[in-house]
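The data below hold one chain only, encoded as C-alpha cells and taken in the form predicted on its own.
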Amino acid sequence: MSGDPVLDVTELSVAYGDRTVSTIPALTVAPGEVVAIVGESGSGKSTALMAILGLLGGTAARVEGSVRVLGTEVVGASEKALRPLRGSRMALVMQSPQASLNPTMRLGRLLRRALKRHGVPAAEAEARIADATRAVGLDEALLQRFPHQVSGGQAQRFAIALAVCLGAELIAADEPTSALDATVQLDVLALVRRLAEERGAAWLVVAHDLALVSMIADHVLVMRDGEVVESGPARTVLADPRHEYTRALLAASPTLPTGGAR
C-alpha cells in the first residue's frame, strides 16, 4: 500500500476506573488496506473501535494514547473538532444497520438527507447516489423502500453505499456480517475487498471469526482479554499462528472455501 496512513494508532488504552479493558500498542491502516481486529466477545475489540472513532466521549471511559485519522488527533478532541471527520472522512458500518436507520424514511431520502447535511449540492448528490448504488450492487429501485422492507444483506450494502456516497476515507465496520447467512456474508466481504481496491478507502473491520475475515484482510490483530496477543499479515497469521489463542480461534472457525484466504 502507498501513501500516508489514513489511521495511525499509538499506545491506545481504554479504562473504566482502575480497570483497563482494551489496549492497542500500534496500528496503521493505509489507503486501500483492510485491517481486521478479531477476538471473541469481551476481548475489547469493539471498545477499541469506538475509541478510534472518538465515540466514547461522554461516557465513563478514560481513553489515553494517540489516534490520528487523516492527521487529526481523535483522543481528547472536542465534538466540534471531530464533526468535520465524521461521515465525510470516516464512517461506521454497524452490525445491524436497519436498527440505526430512521424507520419512517425511505432509503433514498436517508441518503439525500445525509449528503445535504454534509453540504453536497442536490445535483451532485444524485450523481453520488447513482454511483454508490452501482458500486455496491444495489438496484436503485430499492431506494424507494423503507428500512424494514429490505433484507439484512441489502441493508448492509446500503450502509456501505452511504459511506461511499459521503466519500469516507476510513470505513470502520463492527461485525458487519455476523447477522447474515453464510452466502451473504461472503458477498459482503467480497464487496469490502473490491471497494478497498477500487476506491482506495481504508477499512478497519471488527469481527469474531478469524478465518472468515482473513479472507479479505491484509493485516490481522488478534485480541484477548483487552490485549493484542498476535498481529501480522493475514496470510502469515492463518498459515503459522504463534499464539495458542489464535490457533483456538482458527480451530473454532468453519473450513475456508478453497482459495478463499488472501
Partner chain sequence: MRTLLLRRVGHAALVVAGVVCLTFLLARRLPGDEAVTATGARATKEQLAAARERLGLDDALPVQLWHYLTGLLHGDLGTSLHTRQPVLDDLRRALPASLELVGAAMVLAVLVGLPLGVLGARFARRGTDLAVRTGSMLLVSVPVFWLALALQLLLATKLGWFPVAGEYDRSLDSSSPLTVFTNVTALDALVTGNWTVLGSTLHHLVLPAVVVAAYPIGVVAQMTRAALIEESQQDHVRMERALGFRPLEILLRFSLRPAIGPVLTLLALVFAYTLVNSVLVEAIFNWPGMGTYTADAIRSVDTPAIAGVTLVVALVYVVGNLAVDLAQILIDPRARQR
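Positions refer to the first chain, counted from 1. Treat the numbers as computed from the prediction; the structure is a model and nothing was measured.
There is another form of this protein, the form predicted in complex with its partner chain, and it is not shown here; the text below is about that form.
Its partner chain is not drawn, but in the model of the complex it has a heavy atom within 4.5 Å of Gly54.
Proximity of Ala99 to its partner chain in the model of the complex falls within the 4.5 Å heavy atom cutoff. Contact check for Ala159: a non-hydrogen atom falls within 4.5 Å of its partner chain in the model of the complex.
In the model of the complex, its partner chain sits beyond 4.5 Å of every heavy atom of Gln144. Contact annotation: its partner chain lies within 4.5 Å of heavy atoms from the stretch 105-113 in the model of the complex, the single such stretch among 105-113, 122-130, 135-143, 182-190.
Three-residue candidate spot Leu92, His118 and His148; every residue lies within 4.5 angstroms of its partner chain in the model of the complex by at least one non-hydrogen atom. In sequence order, Glu79, Arg83, Arg86, Gly87, Met90 are the residues of 74-91 having a heavy atom within 4.5 Å of its partner chain in the model of the complex; the partner itself is omitted from this view.
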